[in-house]
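Here we start with a single chain on its own, the form predicted on its own, put down as C-alpha coordinates.
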(Lines give C-alpha, C1' and ligand atoms only; values in the text may rest on other atoms or scores of the structure.)
Protein backbone atom coordinates (compact mmCIF):
# COMPACT_ATOMS: atom_id res chain seq x y z
CA UNK A 1 0.00 0.00 0.00
CA UNK A 2 1.49 3.38 -0.99
CA UNK A 3 1.92 6.22 1.50
CA UNK A 4 -1.43 7.97 1.14
CA UNK A 5 -2.82 11.07 2.85
CA UNK A 6 -4.91 10.59 5.98
CA UNK A 7 -7.12 13.53 7.03
CA UNK A 8 -7.28 14.79 10.59
CA UNK A 9 -10.12 12.71 11.97
CA UNK A 10 -10.45 10.83 15.24
CA UNK A 11 -10.35 7.08 14.77
CA UNK A 12 -13.56 5.19 15.42
CA UNK A 13 -15.29 1.99 14.37
CA UNK A 14 -16.07 1.62 10.67
CA UNK A 15 -18.46 -0.99 9.30
CA UNK A 16 -18.44 -2.01 5.62
CA UNK A 17 -21.47 -3.65 4.05
CA UNK A 18 -19.52 -5.55 1.40
CA UNK A 19 -15.78 -5.97 1.98
CA UNK A 20 -14.96 -6.18 -1.71
CA UNK A 21 -12.07 -4.71 -3.67
CA UNK A 22 -12.62 -1.03 -2.89
CA UNK A 23 -13.77 -1.47 0.70
CA UNK A 24 -10.97 -3.91 1.53
CA UNK A 25 -8.22 -1.45 0.57
CA UNK A 26 -9.84 1.34 2.58
CA UNK A 27 -10.44 -1.02 5.51
CA UNK A 28 -6.73 -1.87 5.65
CA UNK A 29 -5.83 1.79 5.51
CA UNK A 30 -8.20 2.71 8.33
CA UNK A 31 -7.11 -0.25 10.47
CA UNK A 32 -3.49 0.81 10.12
CA UNK A 33 -4.50 4.32 11.26
CA UNK A 34 -5.99 2.93 14.47
CA UNK A 35 -9.61 2.31 13.48
CA UNK A 36 -11.63 -0.72 14.51
CA UNK A 37 -12.91 -2.41 11.34
CA UNK A 38 -15.98 -4.60 10.84
CA UNK A 39 -17.82 -5.67 7.73
CA UNK A 40 -19.59 -8.31 5.73
CA UNK A 41 -18.86 -10.90 3.05
CA UNK A 42 -21.12 -13.46 1.44
CA UNK A 43 -19.51 -16.69 2.67
CA UNK A 44 -18.33 -18.11 5.98
CA UNK A 45 -15.07 -19.28 4.39
CA UNK A 46 -14.16 -15.77 3.26
CA UNK A 47 -15.20 -14.32 6.61
CA UNK A 48 -12.87 -16.67 8.48
CA UNK A 49 -10.00 -15.99 6.10
CA UNK A 50 -10.34 -12.21 6.40
CA UNK A 51 -10.58 -12.31 10.18
CA UNK A 52 -7.45 -14.44 10.41
CA UNK A 53 -5.41 -12.47 7.87
CA UNK A 54 -6.50 -8.90 8.60
CA UNK A 55 -7.93 -8.78 12.11
CA UNK A 56 -11.30 -7.45 10.96
CA UNK A 57 -14.57 -8.53 12.60
CA UNK A 58 -16.30 -10.12 9.61
CA UNK A 59 -19.93 -11.23 9.39
CA UNK A 60 -21.71 -13.31 6.77
CA UNK A 61 -24.43 -11.34 4.98
CA UNK A 62 -25.97 -12.00 1.57
CA UNK A 63 -29.08 -9.89 1.98
CA UNK A 64 -31.49 -12.78 2.37
CA UNK A 65 -31.45 -12.64 6.19
CA UNK A 66 -30.11 -10.36 8.93
CA UNK A 67 -26.58 -10.73 10.24
CA UNK A 68 -26.64 -13.57 12.76
CA UNK A 69 -24.36 -11.94 15.33
CA UNK A 70 -25.85 -10.17 18.32
CA UNK A 71 -25.49 -6.38 18.07
CA UNK A 72 -23.14 -6.32 15.05
CA UNK A 73 -23.24 -2.49 15.01
CA UNK A 74 -22.28 -1.90 18.63
CA UNK A 75 -19.97 1.10 18.76
CA UNK A 76 -20.02 1.69 15.00
CA UNK A 77 -19.34 5.35 14.18
CA UNK A 78 -19.03 5.20 10.39
CA UNK A 79 -20.75 2.94 7.86
CA UNK A 80 -19.98 2.33 4.17
CA UNK A 81 -22.42 0.46 1.93
CA UNK A 82 -20.88 -0.98 -1.25
CA UNK A 83 -23.55 -3.61 -2.03
CA UNK A 84 -25.27 -3.04 -5.40
CA UNK A 85 -29.02 -3.48 -5.82
CA UNK A 86 -30.09 -6.99 -6.68
CA UNK A 87 -33.44 -8.57 -5.78
CA UNK A 88 -33.47 -6.19 -2.80
CA UNK A 89 -32.58 -2.58 -3.57
CA UNK A 90 -30.80 -1.87 -0.27
CA UNK A 91 -30.21 -5.11 1.66
CA UNK A 92 -28.59 -3.27 4.59
CA UNK A 93 -31.74 -1.22 5.17
CA UNK A 94 -34.13 -4.06 4.36
CA UNK A 95 -32.60 -6.25 7.07
CA UNK A 96 -31.17 -3.74 9.56
CA UNK A 97 -32.93 -0.37 9.26
CA UNK A 98 -34.14 -0.47 12.85
CA UNK A 99 -30.78 -1.62 14.20
CA UNK A 100 -28.97 1.17 12.39
CA UNK A 101 -31.46 3.83 13.43
CA UNK A 102 -31.00 2.66 17.02
CA UNK A 103 -27.19 2.80 16.84
CA UNK A 104 -26.45 5.79 19.07
CA UNK A 105 -22.75 5.92 18.13
CA UNK A 106 -23.33 6.15 14.37
CA UNK A 107 -22.60 9.58 12.88
CA UNK A 108 -21.62 9.10 9.20
CA UNK A 109 -22.93 6.91 6.36
CA UNK A 110 -21.54 6.65 2.84
CA UNK A 111 -23.33 4.89 -0.03
CA UNK A 112 -21.23 3.92 -3.06
CA UNK A 113 -23.34 4.50 -6.15
CA UNK A 114 -22.68 4.95 -9.87
CA UNK A 115 -22.91 7.68 -12.55
CA UNK A 116 -25.45 5.43 -14.29
CA UNK A 117 -28.06 7.42 -12.34
CA UNK A 118 -27.45 10.30 -14.79
CA UNK A 119 -28.26 8.26 -17.89
CA UNK A 120 -26.77 9.22 -21.25
CA UNK A 121 -25.60 12.83 -21.59
CA UNK A 122 -24.10 12.40 -25.10
CA UNK A 123 -20.65 13.40 -23.91
CA UNK A 124 -21.82 16.40 -21.91
CA UNK A 125 -20.47 17.44 -18.52
CA UNK A 126 -22.69 16.47 -15.58
CA UNK A 127 -22.64 17.91 -12.06
CA UNK A 128 -24.10 16.56 -8.85
CA UNK A 129 -26.78 19.27 -8.83
CA UNK A 130 -28.48 17.78 -11.88
CA UNK A 131 -31.35 15.41 -11.06
CA UNK A 132 -30.93 11.72 -11.91
CA UNK A 133 -32.34 10.72 -15.30
CA UNK A 134 -31.41 7.03 -15.48
CA UNK A 135 -31.74 5.36 -18.85
CA UNK A 136 -31.23 1.80 -17.64
CA UNK A 137 -32.68 -0.49 -15.01
CA UNK A 138 -29.27 -0.53 -13.33
CA UNK A 139 -29.27 3.26 -13.11
CA UNK A 140 -32.88 3.38 -11.91
CA UNK A 141 -32.19 0.91 -9.10
CA UNK A 142 -29.13 2.88 -8.03
CA UNK A 143 -31.14 6.11 -7.94
CA UNK A 144 -33.74 4.34 -5.79
CA UNK A 145 -31.02 3.06 -3.45
CA UNK A 146 -29.51 6.54 -3.13
CA UNK A 147 -32.86 8.00 -2.12
CA UNK A 148 -33.45 5.19 0.38
CA UNK A 149 -30.18 5.95 2.14
CA UNK A 150 -30.66 9.72 2.04
CA UNK A 151 -34.09 9.28 3.64
CA UNK A 152 -33.13 6.55 6.12
CA UNK A 153 -31.83 8.83 8.87
CA UNK A 154 -34.19 11.75 8.47
CA UNK A 155 -34.48 13.65 11.75
CA UNK A 156 -31.38 12.05 13.24
CA UNK A 157 -27.88 13.37 13.74
CA UNK A 158 -26.40 10.97 11.18
CA UNK A 159 -24.87 12.52 8.06
CA UNK A 160 -25.54 10.48 4.91
CA UNK A 161 -23.46 10.99 1.76
CA UNK A 162 -23.70 9.47 -1.74
CA UNK A 163 -20.65 8.80 -3.92
CA UNK A 164 -21.21 8.28 -7.66
CA UNK A 165 -18.10 6.36 -8.60
CA UNK A 166 -16.61 6.17 -12.10
CA UNK A 167 -14.86 3.11 -13.54
CA UNK A 168 -12.64 1.69 -10.80
CA UNK A 169 -9.10 0.52 -11.50
CA UNK A 170 -6.12 -0.28 -9.31
CA UNK A 171 -3.50 -2.88 -8.41
CA UNK A 172 -4.30 -6.56 -8.16
CA UNK A 173 -7.11 -8.78 -9.32
CA UNK A 174 -6.84 -7.91 -13.00
CA UNK A 175 -8.27 -4.50 -12.22
CA UNK A 176 -6.00 -2.53 -14.53
CA UNK A 177 -4.92 -2.41 -18.16
CA UNK A 178 -1.39 -3.59 -17.36
CA UNK A 179 -2.53 -6.86 -15.83
CA UNK A 180 -5.17 -7.32 -18.52
CA UNK A 181 -2.53 -6.94 -21.25
CA UNK A 182 -0.18 -9.37 -19.53
CA UNK A 183 -3.04 -11.88 -19.25
CA UNK A 184 -4.04 -11.41 -22.89
CA UNK A 185 -7.48 -10.15 -21.84
CA UNK A 186 -7.23 -6.47 -22.79
CA UNK A 187 -9.19 -5.27 -25.77
CA UNK A 188 -10.05 -1.94 -27.29
CA UNK A 189 -13.69 -1.44 -28.24
CA UNK A 190 -13.91 1.34 -30.79
CA UNK A 191 -17.04 3.48 -30.48
CA UNK A 192 -16.38 6.95 -31.94
CA UNK A 193 -17.10 9.75 -29.47
CA UNK A 194 -17.31 7.42 -26.46
CA UNK A 195 -15.54 8.62 -23.31
CA UNK A 196 -15.38 7.44 -19.70
CA UNK A 197 -14.02 8.79 -16.46
CA UNK A 198 -12.07 6.47 -14.22
CA UNK A 199 -10.88 6.55 -10.63
CA UNK A 200 -8.03 4.81 -8.84
CA UNK A 201 -9.24 2.66 -5.95
CA UNK A 202 -7.05 4.47 -3.43
CA UNK A 203 -8.34 7.87 -4.48
CA UNK A 204 -11.83 6.57 -3.68
CA UNK A 205 -10.59 5.83 -0.18
CA UNK A 206 -9.10 9.31 0.16
CA UNK A 207 -12.39 10.88 -0.91
CA UNK A 208 -14.41 8.86 1.60
CA UNK A 209 -11.98 9.77 4.37
CA UNK A 210 -12.20 13.45 3.42
CA UNK A 211 -15.99 13.24 3.66
CA UNK A 212 -15.73 11.63 7.09
CA UNK A 213 -13.61 14.59 8.16
CA UNK A 214 -16.05 17.10 6.60
CA UNK A 215 -19.49 15.44 6.79
CA UNK A 216 -22.46 17.08 5.08
CA UNK A 217 -25.79 15.35 5.38
CA UNK A 218 -27.23 14.87 1.90
CA UNK A 219 -23.88 15.44 0.22
CA UNK A 220 -23.58 13.90 -3.26
CA UNK A 221 -20.20 13.60 -4.97
CA UNK A 222 -18.97 12.59 -8.40
CA UNK A 223 -15.94 10.40 -7.69
CA UNK A 224 -13.78 10.46 -10.80
CA UNK A 225 -10.44 11.49 -12.23
CA UNK A 226 -9.92 14.73 -14.14
CA UNK A 227 -9.87 13.31 -17.68
CA UNK A 228 -12.73 11.55 -19.41
CA UNK A 229 -11.19 9.77 -22.39
CA UNK A 230 -11.88 7.06 -24.98
CA UNK A 231 -11.84 3.53 -23.56
CA UNK A 232 -8.78 2.51 -25.55
CA UNK A 233 -6.48 5.27 -24.32
CA UNK A 234 -5.44 3.64 -21.01
CA UNK A 235 -4.79 0.34 -22.82
CA UNK A 236 -2.56 2.02 -25.41
CA UNK A 237 -0.71 3.84 -22.61
CA UNK A 238 -0.30 0.63 -20.59
CA UNK A 239 1.04 -1.18 -23.64
CA UNK A 240 3.65 1.56 -23.98
CA UNK A 241 4.70 1.05 -20.37
CA UNK A 242 5.12 -2.67 -21.03
CA UNK A 243 6.89 -2.15 -24.36
CA UNK A 244 4.34 -4.15 -26.34
CA UNK A 245 1.86 -3.42 -29.11
CA UNK A 246 -1.71 -2.68 -28.03
CA UNK A 247 -4.51 -4.92 -29.28
CA UNK A 248 -6.22 -4.07 -32.55
CA UNK A 249 -9.42 -2.07 -31.94
CA UNK A 250 -12.71 -3.94 -32.39
CA UNK A 251 -15.69 -1.98 -33.75
CA UNK A 252 -18.41 -1.60 -31.12
CA UNK A 253 -21.12 -3.02 -33.38
CA UNK A 254 -19.25 -6.31 -33.76
CA UNK A 255 -17.77 -6.55 -30.24
CA UNK A 256 -18.95 -9.38 -28.02
CA UNK A 257 -19.89 -7.62 -24.77
CA UNK A 258 -21.65 -8.69 -21.62
CA UNK A 259 -24.95 -7.04 -20.81
CA UNK A 260 -23.19 -5.00 -18.12
CA UNK A 261 -20.42 -3.87 -20.48
CA UNK A 262 -22.89 -2.98 -23.20
CA UNK A 263 -24.81 -0.82 -20.72
CA UNK A 264 -21.62 1.15 -20.03
CA UNK A 265 -21.16 1.84 -23.72
CA UNK A 266 -24.79 2.90 -24.12
CA UNK A 267 -24.11 6.04 -22.08
CA UNK A 268 -21.54 8.79 -22.53
CA UNK A 269 -20.82 11.58 -20.06
CA UNK A 270 -18.03 13.60 -18.46
CA UNK A 271 -18.17 13.91 -14.68
CA UNK A 272 -17.55 17.29 -13.08
CA UNK A 273 -15.50 16.83 -9.90
CA UNK A 274 -15.20 20.43 -8.71
CA UNK A 275 -17.00 19.54 -5.49
CA UNK A 276 -14.26 17.11 -4.47
CA UNK A 277 -11.65 19.85 -4.31
CA UNK A 278 -13.78 22.84 -3.31
CA UNK A 279 -15.91 21.16 -0.62
CA UNK A 280 -13.83 18.20 0.55
CA UNK A 281 -10.39 19.66 -0.10
CA UNK A 282 -9.28 16.55 -2.01
CA UNK A 283 -6.23 16.52 -4.27
CA UNK A 284 -6.21 13.27 -6.22
CA UNK A 285 -3.06 11.19 -5.94
CA UNK A 286 -3.80 9.85 -9.42
CA UNK A 287 -5.53 12.67 -11.37
CA UNK A 288 -5.46 10.67 -14.63
CA UNK A 289 -4.95 7.07 -15.66
CA UNK A 290 -1.34 7.89 -16.55
CA UNK A 291 -0.26 8.53 -12.96
CA UNK A 292 -2.26 5.55 -11.78
CA UNK A 293 -0.86 3.09 -14.30
CA UNK A 294 2.70 4.32 -13.77
CA UNK A 295 2.31 3.72 -10.02
CA UNK A 296 0.90 0.23 -10.57
CA UNK A 297 3.76 -0.62 -12.94
CA UNK A 298 6.32 0.67 -10.42
CA UNK A 299 4.70 -1.44 -7.69
CA UNK A 300 5.14 -4.70 -9.59
CA UNK A 301 1.45 -5.08 -10.54
CA UNK A 302 0.36 -6.43 -7.17
CA UNK A 303 -1.41 -5.22 -4.04
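The structure displayed is predicted, hence computed values, not measured ones. Residue numbers count along the first chain shown, from 1.
The same protein also exists as the form predicted together with a small molecule; that form is not shown, yet it is the one meant from here on.
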{"property": "Contact flag, residue 30 vs the small molecule in the predicted complex, heavy atom cut 4.5 Å", "result": "no"}
{"property": "4.5 Å heavy atom contact, residue 93 to the small molecule in the predicted complex", "result": "no"}
{"property": "Residue 63: touches the small molecule in the predicted complex, heavy atom cutoff 4.5 angstroms", "result": "yes"}
{"property": "Any non-hydrogen atom of residue 206 within 4.5 angstroms of the small molecule in the predicted complex", "result": "no"}
{"property": "Site check 101, 153 and 219: each within 4.5 Å of the small molecule in the predicted complex by heavy atom", "result": "no"}
{"property": "Which of 272-280, 237-245, 66-74, 41-49 sits within 4.5 Å of the small molecule in the predicted complex, heavy atom basis", "result": "41-49"}
{"property": "Partner-contacting position among 175, 121, 107, 191 - heavy atom within 4.5 Å of the small molecule in the predicted complex", "result": "175"}
